[in-house]
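The data below hold one chain only, encoded as structure tokens and taken in the form predicted on its own.
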Amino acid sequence: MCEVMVVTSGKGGVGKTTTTANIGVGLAMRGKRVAVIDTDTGLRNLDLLLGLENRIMYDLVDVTSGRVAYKKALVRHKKFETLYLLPTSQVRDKSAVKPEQLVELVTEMRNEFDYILIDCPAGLEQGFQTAIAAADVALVVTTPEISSVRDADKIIGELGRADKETIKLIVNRIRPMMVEKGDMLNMDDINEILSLECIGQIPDDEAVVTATNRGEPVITIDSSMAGRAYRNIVARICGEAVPFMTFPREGFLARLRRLFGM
């Protein structure tokens, strides 16, 4: 049975699209048939993160307006053959796709895929309402900052009002040293505010930037802590009980350098 997940956030820049791309690749690495749909019309980036920007012929607006069948607009990943991207338009606005159109499309696609991931625009406008309409599960991405968590709380409220009962949390860009010093929220703080099941805790990792610029999701990099965290998220989505990672603390020499300006 196909599971449809929308990846959303209260504000932009928290890693929502990066999370969509990495989960999609991770599921495909396990042999699952996966479609990722970019609904951030006018500001699409999912194609870039997957390295597929030069292969797009048609987009989500073409499909929902009836100009082409969805299979014609799908872009198959060359490296991960069970992963498909349905990009959206760069030139239209978010009102170009209505919630009922996306629901109809996803209903048609369910028979072809094990997972459908919907990359949601940030914020609470129509693009959000469209993206969540067809979802069985919502994955809310936040960072350990009070403004991001507060915005995530608003999103969770809107998801509840839309009768989305299965909502899970992913905390991105965790900096262990800042958490240890009290300069960044810890998981207890976040759990107290949001009260959601957390399926991912991703450390801040420079490898994410490098991988993004290359169009190669960081989940494929064995040496990356963030890549490992994304692989653990995928395992949990697939029903495996995986413990959360413990992040390395600041070493003694590094602490001395910081204290004495070395």
Ligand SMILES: Nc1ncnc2c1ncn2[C@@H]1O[C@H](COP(=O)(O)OP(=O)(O)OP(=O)(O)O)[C@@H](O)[C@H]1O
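Computed from a prediction, not measured in an experiment: that's the story for all the values here. Throughout, we count residues from 1 along the sequence that is shown.
Heads up, the form predicted in complex with the ligand isn't pictured, but that's what we're talking about next.
In short, of 63-71, 23-31, 202-210, 232-240 it is 202-210 that has heavy atoms within 4.5 Å of the ligand in the predicted complex.
The ligand in the predicted complex is not approached by Leu159, whose heavy atoms all lie more than 4.5 angstroms from it. Taking the partner from the other structure, the ligand in the predicted complex has no heavy atom within 4.5 Å of any heavy atom of Lys94.
In the predicted complex, none of the heavy atoms of Ile190 sits within 4.5 Å of a heavy atom of the ligand. When the ligand is considered in the predicted complex, Ser148 lies well away from it, no heavy atom lying within 4.5 Å. Between the ligand and the residues Ala133, Ile155, Met109, Ala122, the one pair within 4.5 Å by heavy atoms in the predicted complex involves Ala122. Of all the residues from 5-20, those having a non-hydrogen atom no more than 4.5 Å from the ligand in the predicted complex are Gly12, Gly13, Val14, Gly15, Lys16, Thr17, Thr18.
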